[in-house]
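Just one chain follows, in the form predicted alone, and it is written as structure tokens.
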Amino acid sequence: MTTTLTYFDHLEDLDSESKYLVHKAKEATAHSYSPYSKFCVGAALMLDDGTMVTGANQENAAYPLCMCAERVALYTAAATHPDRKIIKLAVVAHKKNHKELTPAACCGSCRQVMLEFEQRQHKSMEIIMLGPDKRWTKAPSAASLLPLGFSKDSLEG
């Protein structure tokens, strides 16, 4: 599968809906609990009825028990709006006590969870993030970020 990612040099170049989602994700970083990494991550997603759901990373001294902002937002959406579909998700990050956003792509675990959400809802979700080149990146789907992803089909047979 070949996928075209779309790049934007400035936040202002994004459509208004995406800019608003990025803004909500940035607001969510205020709820980050990140005393160990000091890396505050926020995520915001939009449901098909316009509802916004946010999440922030939650760390733990036992690192494997940490939860990424994307998964906090996704699981919150599933628990509070189980019949809604996720249209798009934005993720942003900054270092503690800094306002400037820093690049933060979704980790592999979050990509896997997003992929399963797409499969469950039979609809892709757009993902917006600040790439390592400091350009805003739009991916058309989680599947585009995780080629050869593991799915329920992998378990059948």
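Remember, predicted model here, so these are calculated numbers, not experimental data. All residue numbers refer to positions in the sequence shown, first residue = 1.
Form predicted together with tetrahydrodeoxyuridine (THU): not shown, discussed below.
Engineer: Pick from 22-30, 45-53, 115-123, 61-69: which stretch has a heavy atom within 4.5 Å of tetrahydrodeoxyuridine (THU) in the predicted bound form?
Structural biologist: Partner-contacting stretch among the options: 61-69.
Engineer: May I ask whether V41, N57 and C106 each come within 4.5 Å of tetrahydrodeoxyuridine (THU) in the predicted bound form, counting any non-hydrogen atom?
Structural biologist: All of them do, each having a heavy atom within 4.5 Å of the partner.
Engineer: Is T102 close enough to touch tetrahydrodeoxyuridine (THU) in the predicted bound form, meaning at least one heavy atom pair within 4.5 Å?
Structural biologist: Outside the cut-off, so no.
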